[in-house]
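Coming up is one lone chain in C-alpha cells, specifically the form predicted alone.
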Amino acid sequence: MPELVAEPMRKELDKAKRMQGDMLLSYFDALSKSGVTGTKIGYSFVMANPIELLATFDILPLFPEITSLNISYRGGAPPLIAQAEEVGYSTDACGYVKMGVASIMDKTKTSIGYIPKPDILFLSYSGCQIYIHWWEQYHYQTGAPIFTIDVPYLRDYDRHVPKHDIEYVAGQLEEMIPKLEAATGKRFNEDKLKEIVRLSGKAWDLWKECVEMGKLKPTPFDAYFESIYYMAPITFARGSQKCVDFYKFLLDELKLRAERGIGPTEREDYRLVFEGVPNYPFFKKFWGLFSHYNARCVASTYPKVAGLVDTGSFRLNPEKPIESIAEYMIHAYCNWNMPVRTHLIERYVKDYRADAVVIHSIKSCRSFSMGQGDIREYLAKELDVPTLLVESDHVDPRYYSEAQMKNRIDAFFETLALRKNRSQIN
C-alpha cells in the first residue's frame, strides 16, 4: 500500500486527523467523568439529532453508533456481538444494536473503556424501524425516559422540504423543551440556542467547503476513507467554537495540499464515488485495496448521513433556531427517498468527474443498503457508469472475506484500466 504522501509532507499536512483524534479522546473522557461531574447523558442517533437543543441544557450527547464504530475499529466488536447473541439477539439483528446494548450490560468494559448509561434517550425516529426497538431496549435496561421526535421522509425530487413538514418537527421540538427543563432543572435560554445554532452553521459551511474540494483534479483528500476521520466533529462537537476551529484548520490543510499537488495516494489514477457505510473492523485493509491502485474517492454519500452536506441552498438560521434544527433533521441522508439518493450519486459522477462508483452494501443496515442493487443497475445500464457492488458489514468481522473482496476489486480495476485505455485510444 503506498504511503499517503512523501514522509516529510505526510506529517506536515496530515495534522487534522490527529486533531480529530484528540477531540474524540477529550469527548470520551468527558463521558467517562459524567458520573462525577453530574453531567446529564443523552443518548442520540447520528442521523437527525437535535444536538443544538440538547447543548442548550448542557446535556452531553452519546452516540452508540460512534462508540460502536470506534470499538470495531479497535477490534473490540466480537465479544460484544457474542454477548448480545448469547442473551437472544439474532445474528440477523443490526450489529450496532447488538454492540450498543451489550456495551452497557453490567458495566461491560469495551476496547474504548466503560460506556456510561443514559439519563435521557432521544429518539429521532428517521431511517428505520430498528431505531424504536433499539431505544426500547435501552429503556428496559436503564429506565431512562424516551423523548421521541418523529421525522418525516424527504419525498420531493428536488430536495425541497415542505413547510408543513418543518412545522411538524419544530412543533415536536418545542413540546420537548418543558420536558428538558424538568429533566435537567435548567430553564430554556433562547439566546444560548441561537448562538449554538450560529456556530453549527459556521461549522457546516466550512465542512461543505472541505468536501467540495473533491472537485479539484487531482483531489487533495479522499472523500470516503479520510472523511471517516473528518466528519466526526460535526456530529459530537457541533455547536461549539472548537468544532468551527477544527474545520477552519482542516480547510487550510486541504488547500495547502492542493497547492502542493499532494493527495492521499502516490498519484491519482482513478476517481471514484463511494456509496455506503465503511467496514470498520478492517478499515485500513479495505482502504488499501483501493489505494493500491492509486484510486481516490472524490465524493461519497456517507458524510451526508449526519445531514447538511449537499442540501442545496439551505443553511441553519440562528434567528429561527427551532425551525432550522427541524429542517436539518429532515435532511439526513437515509431520510431521502431512493430517486433523490440515486440522483445525488449521478450528480456526483458528473460534477466530480468520476471514473466509477463503488457501492459497499452492509448486512446490518437495511436502511442504508436498501435499493443499492437498483442504484447499481441504473448507473451501469442507463448511464454507462462502471459500478462495483461489494458486501460485508460495518462492525461484524464475520461478514468480511479479504480474499473474496480483493478478487472482486482487482477484477474491477482491470476492467477500469481496459476502459481507460480504450477511451485514450479513441
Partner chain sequence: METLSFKSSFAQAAEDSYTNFDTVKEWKRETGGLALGYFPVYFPEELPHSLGILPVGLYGASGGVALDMATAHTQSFVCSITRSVFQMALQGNLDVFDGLIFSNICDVARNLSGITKRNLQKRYVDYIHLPINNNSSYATKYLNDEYLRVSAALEKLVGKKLETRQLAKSIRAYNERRRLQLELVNLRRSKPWLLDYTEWYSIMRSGSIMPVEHYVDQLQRYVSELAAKDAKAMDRIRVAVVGNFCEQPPLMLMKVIEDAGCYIINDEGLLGSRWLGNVETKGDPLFSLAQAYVQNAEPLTVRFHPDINKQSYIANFVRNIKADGVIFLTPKFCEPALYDYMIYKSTLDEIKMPYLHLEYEESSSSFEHIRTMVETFAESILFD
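Positions refer to the first chain, counted from 1. Note that the structure is predicted; figures quoted are calculated from it, not measured.
Beyond the structure shown, there is the form predicted in complex with the partner chain, which is absent from this document and is the topic of what follows.
Asker: Since the partner isn't included here, can you check whether the partner chain sits close to all of D269, T387 and T415 in the model of the complex (heavy atom within 4.5 Å for each)?
Answerer: No.
Asker: Even though the partner chain is not shown here, does S227 get within 4.5 Å of it in the model of the complex, heavy atoms only?
Answerer: No.
Asker: Taking 4.5 angstroms as the cut-off for heavy atoms, does N70 touch the partner chain in the model of the complex?
Answerer: Judged by the heavy-atom cut-off of 4.5 Å, N70 is well away from the partner chain in the model of the complex.
Asker: Should R341 be counted as a contact of the partner chain in the model of the complex, where contact means heavy atoms within 4.5 Å?
Answerer: The answer is yes: R341 has a heavy atom within 4.5 Å of the partner chain.
Asker: So, S90 and the partner chain: in the model of the complex, are they within 4.5 Å at any heavy atom pair?
Answerer: So S90 counts as contacting the partner chain.
Asker: Considering the partner chain in the model of the complex, which of E136, D205, E323, E195 comes within 4.5 Å of it through any heavy atom?
Answerer: That would be E136.
Asker: Going by heavy atom distances of 4.5 angstroms or less, which of G261, G185, G171, G312 would be at the interface with the partner chain in the model of the complex?
Answerer: Contact check passes for G171.
Asker: Among 62-70, 49-57, 368-376, 23-31, which stretch has residues whose heavy atoms lie within 4.5 Å of the partner chain in the model of the complex?
Answerer: Careful reading of the contacts points to 368-376.
Asker: Go through 214-246 residue by residue and record those having a heavy atom within 4.5 Å of the partner chain in the model of the complex; state none if no residue qualifies.
Answerer: Nothing in this stretch is in contact.
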